[in-house]
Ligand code: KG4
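What follows is one chain in structure tokens, specifically the form predicted on its own.
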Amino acid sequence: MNILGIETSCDETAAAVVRDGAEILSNVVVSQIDIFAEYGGVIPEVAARSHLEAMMPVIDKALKDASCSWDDIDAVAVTFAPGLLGSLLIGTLTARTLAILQKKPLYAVHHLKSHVYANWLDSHESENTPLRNAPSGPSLQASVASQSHRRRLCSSDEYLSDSSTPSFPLLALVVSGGHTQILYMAGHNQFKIVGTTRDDAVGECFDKVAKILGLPYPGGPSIASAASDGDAEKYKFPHPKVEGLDFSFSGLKTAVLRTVQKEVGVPISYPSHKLAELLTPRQITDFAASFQKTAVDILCEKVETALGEHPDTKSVVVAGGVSANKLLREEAEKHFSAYSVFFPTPSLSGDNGAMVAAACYYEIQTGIKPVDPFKLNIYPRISIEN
């Protein structure tokens, strides 16, 4: 079964063809990171316009790279929620139109579900393949590039074979710029939220702390890079006291801000965007390392608590953009050594079409019916349990 997956929930325009939910025949991603690095964050209207320009070239290239015609495609899958309204609109309108014209069944896929199912993808990745090929400006230019990937499975001490897949029941930690949740899955397409953030997502916290430290957007990679030269024990930040399995990261962000203000000797009224000018390079790396360690510790502690409450768990799955963080991967292997721990390969941690197609495959396998392309709606916010 060949499925065309389309993803436009935020600032990546992506399409991929995946066979039987695992084998990536093509995976094309155009990122808008270069555009939004100048602004320090995504501007929804600009993102939607960029999707509109890139959408069809990306799909055409995905089909070409997979050596597929429309006769070879069995279904179309598209992200319908959650995400930026304008971005979702471009992807779903495109998918609906193609499903109607090409007479293909259409499946509407939840974005977080796609991130989880990135851990079932299995193919080969060139060591020279870039994570993203971003346009240098509003035009596509030569930015559309295909990517092939290999899913990596991490255990406590080694990478296991690509033939292995997560076992149920499992706990999934979904960590990205917009979401931080712990999901319990008794089986395919059985999602129960057991923990969620009450305010900022961890990826959003990375972005905001990076801005305080004067590091470039997106904050995850820039903080990880700076932290590699820093002392993670230099600054002590509190762990939020949140009952149960929920998260809170707004307090951690504020703790970093106040500590930086104290370190450079300015009042709390001093503008946060000017603090980086007062920091030395060493202070920046130490703050980055200390913050990163605290954020990762908070995530691992919550998952450990969740495992205690769900003793039947066999696997731990980590997904979403923050799952590419090297320290998180290392600490997860240490903390959850009694379980099989799964991460997508870093190039599949971010938004991509292959994960949408993989999630769609398991929807089909579990009896979920296609949607009416004339009636499909979008939802900027909707629970994965719906």
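The numbering used is simple: start at 1 and walk along the sequence shown. This is a predicted model, so every value here is computed, not measured.
Beyond what is shown, the protein has a form predicted together with the named molecule; the following relates to that form.
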Q) Can A48 be called a contact residue for the named molecule in the predicted bound form at 4.5 Å between heavy atoms? A) no
Q: Indicate whether the named molecule has at least one heavy atom within 4.5 Å of a heavy atom of P166 in the predicted bound form.
A: no
Q: Flag P344 as yes or no: does it have a non-hydrogen atom within 4.5 angstroms of any non-hydrogen atom of the named molecule in the predicted bound form?
A: no
Q. According to a 4.5 angstroms non-hydrogen atom cut-off, is S176 in contact with the named molecule in the predicted bound form?
A. yes
Q: Just one of 280-288, 198-206, 233-241, 92-100 has residues with a heavy atom within 4.5 Å of the named molecule in the predicted bound form, so point it out.
A: 198-206
Q.
Contact check in the predicted bound form: V18, K104 and P373 versus the named molecule, with a cutoff of 4.5 Å between any heavy atoms. Do all three pass?
A. no
(Q) Under the 4.5 Å heavy atom criterion, name the residues of 41-77 that approach the named molecule in the predicted bound form, in sequence order. (A) none
